[in-house]
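A single chain, nothing else alongside it, follows as structure tokens in the form predicted alone.
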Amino acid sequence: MPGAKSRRHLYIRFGSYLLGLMLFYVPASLFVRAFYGVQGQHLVGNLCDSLNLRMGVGGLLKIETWQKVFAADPRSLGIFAVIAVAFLFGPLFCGWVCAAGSLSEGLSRLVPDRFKIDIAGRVNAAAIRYGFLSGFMILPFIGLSAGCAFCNFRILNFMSLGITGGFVPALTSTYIVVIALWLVLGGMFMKGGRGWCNFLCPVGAIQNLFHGLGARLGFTYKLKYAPEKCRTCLNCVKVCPMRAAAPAAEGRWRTANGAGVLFNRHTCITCNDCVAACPHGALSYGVGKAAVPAPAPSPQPAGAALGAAAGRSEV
């Protein structure tokens, strides 16, 4: 059972996702209303119509996209703002704002763990998501595209419209497939509920790509691990929605107690669930060097050890 600190943290994250829903999705779309209101326009849009993050990722290899950026076209700036935040602070959009990711994560909490697939330490999710990202960005150059029907942002917008009495288009076969992958297989029956985010979200993948680069610098914010405080209780592994935390192989690292834990920055969304769940203070979020456990010494054959001892006795 989560402690009081973890529960309080989850409540805060839940509130931040509700805020994200109100900011970017109709009928509220507070961000879009405010953005265009400053320009003297009274437009109501949503995450797909205004910022269009997903198509923004798909256009990063196109010259036209960069021309719009240099022309200060506001519709082209959304993905660059998200990338900049990810580079400096981590994928905060995924971990704290994206209502589409939070919905599948929340549904996963309704299903007992014994019925769920757990990919932690078993599947290289980063390789799959970067492979999907590469394909997504290359498709336009071969005359294909992953259309809006294959987008959980768009479907969530339809859901919010339906709940508030707005018009919702009829379900198509593509929408049904996306809902099955996003909310059922990758949500309810995936440990953490972030299967779609892990494998099929180009917006999340591009953020983690830049977060992986930014985390190497001392002035950026990132998840930090203090192995000298780690007791290998694995609370962080249990709560990680992206399954970015996994137990280290026995004997791989030297830690204060146990084998330690490995963290994958290419799937971590800096939600800080692990920080809130760690009872020993081994995890934190901030600037500075991101420490890892010291490598454990390699075992030597008995003969090599005797030879080394003999060599030392001659000095």
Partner chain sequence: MVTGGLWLAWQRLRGTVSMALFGLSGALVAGSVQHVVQTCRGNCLGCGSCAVALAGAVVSASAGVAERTSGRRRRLLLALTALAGLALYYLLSLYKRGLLPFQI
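Numbering follows the first chain given and starts at 1. Predicted, not measured: the structure shown is a model, and the values here were computed from it.
The next section is about a form of this same protein that is not shown, the form predicted in complex with the partner chain.
- Shown here without its partner, the chain carries Phe132, Ala146 and Phe150, all of which come within 4.5 Å of the partner chain in the predicted bound form through at least one heavy atom.
- With a 4.5 Å cutoff on heavy atoms, Ile142 counts as touching the partner chain in the predicted bound form.
- Using a 4.5 angstroms limit between non-hydrogen atoms, Ala84 is distant from the partner chain in the predicted bound form.
- Of the heavy atoms in Thr164, none are within 4.5 Å of the partner chain in the predicted bound form.
- Under a 4.5 angstroms non-hydrogen atom cutoff, the partner chain in the predicted bound form has Ala127 among its neighbouring residues.
- Proximity to the partner chain in the predicted bound form, taken as a non-hydrogen atom within 4.5 angstroms, holds for one residue of Leu217, Cys233, Val123, Ile117, which is Val123.
- Residue in contact with the partner chain in the predicted bound form (any heavy atom within 4.5 Å), chosen from Trp96, Phe210, Phe89, Phe136: Phe136.
- Judged by heavy atoms within 4.5 Å of the partner chain in the predicted bound form, the contact stretch among the candidates 102-110, 167-175, 239-247, 219-227 is 167-175.
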